[in-house]
Ligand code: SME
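Taking the form predicted alone, here's one chain by itself in structure tokens.
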Amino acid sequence: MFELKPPHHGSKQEHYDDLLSQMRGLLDGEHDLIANAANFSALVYHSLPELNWAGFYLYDGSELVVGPFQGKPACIRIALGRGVCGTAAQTREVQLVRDVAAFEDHIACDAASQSEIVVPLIKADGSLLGVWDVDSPLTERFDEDDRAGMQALCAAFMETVRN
């Protein structure tokens, strides 16, 4: 049985290091994409403060389709190049948006979301799996420490994915 550890009160980097350790333990030996994505979403959502959505959009070969997540119901389909998620998928670059109102073509699935970070998920063969999307009801919630922490978490998640 997995037990969620209480939040670490050190630096943000130390918190992400602890979260990465917990995530590796949670996903150890499991290779089912949906099961791992669901547990990954729940772990992050319940471990990081000031989030209102955390989850996956999976690429189906033509567009992003909502996958396992925590939070309010979300947009089901997002075209590549549209919004923060579609931009991350198309450019294959992390999108760190401190104020979604300033992001041209932002898709407001939840009007409460004020900032967002999206990490593209690239398989070992170079193909796109999808994106990892995290929203906050606070502007400027995400910074470079979050970028590094989310990228490390996503890299470890991708180690569990089989092509």
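Each residue number is its position in the shown sequence, starting from 1. This one's a predicted model, so the numbers in the text were calculated from it and none came from an experiment.
Omitted from view is the form predicted in complex with the named molecule, to which the following refers.
Of the heavy atoms in residue 85, some are within 4.5 Å of the named molecule in the predicted bound form. Within this chain, residue 80 is remote from the site of the named molecule in the predicted bound form, having no heavy atom within 4.5 Å. The shortest heavy atom separation between residue 57 and the named molecule in the predicted bound form is within 4.5 Å.
By the criterion of a heavy atom within 4.5 Å, residue 43 is excluded from the residues contacting the named molecule in the predicted bound form. With the partner omitted from this view, the residue of 109, 65, 128, 48 that lies near the named molecule in the predicted bound form is 109 [heavy atom within 4.5 Å]. In the predicted bound form, 133, 135 are the residues of 123-156 with at least one heavy atom within 4.5 Å of the named molecule, listed from first to last.
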